[in-house]
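Next up is one chain by itself, shown in structure tokens, the form predicted on its own.
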């Protein structure tokens, strides 16, 4: 079934948990879509997991459009959400609408996602008025990493928790169709989820949200080094890839690959004639 803003809302109302995963290329998106995930997020996390940046800040609109278009071509049923990168919506409302439009027209996304609460409500309202669905993002917002002083859990104090609740209500009023809650205490995320009419998608926000999202490289064991507390590795694909690659190197060097079954035949008379002419 084709996933839309309406079907995601129906899932919240019925208690059917929403599933979302990131994807950044055609091949991966096709597999994820075929598995039946409800939504695919082309996150600006591609800056880190695909392009090797330290954080999401260097990602450009061109980067996002390029990867979004590849994913959109693969997603037959999933609801496709594209991140608006740093400084693509903060400078002005007009730029925000124009850049959101590019992700829809050039990238083929169904919705855009932007970070922030009260301070971006004007942008949310204008983008929605341009007939573009907006997914909001509260809590640990990676584009604010320098303000936060790192990737830290948000909303743990009374004032900050109240601010997150207020921001959630404001972005809903501005027209957001859903909100990602990242890196906040589980009990706080549950309170926000109950207060909102729109779906909440958690990442490091507990099971009380209406759905969950993970970076696919994290949940499939493709990343190395520090793993965030909220990540569960559902498979160790990285280890399978390493074994496959090392086996390929070994068999190529030994001559075991390519074997007879991996080659194409030619008529022996043709080969004999070629050999005569080459002598």
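Numbering follows the first chain given and starts at 1. Computed from a predicted model, the values in this text were never measured in an experiment.
The discussion below concerns the form predicted together with a small molecule, not included here.
Contact annotation: residue 215 falls within 4.5 Å of the small molecule in the predicted complex, judged by heavy atom distances.
For residue 182, a non-hydrogen atom is located within 4.5 Å of the small molecule in the predicted complex, even though that partner is not displayed. The small molecule is not shown here, but in the predicted complex it comes within 4.5 Å of a heavy atom of residue 41. At a distance threshold of 4.5 angstroms between non-hydrogen atoms, residue 171 is out of contact with the small molecule in the predicted complex.
Checking 32-40, 207-215, 220-228, 245-253 against the small molecule in the predicted complex, the stretch whose residues place heavy atoms within 4.5 Å of it is 207-215.
Interface residue among 188, 96, 80, 203 relative to the small molecule in the predicted complex, by the heavy atom within 4.5 Å criterion: 203.
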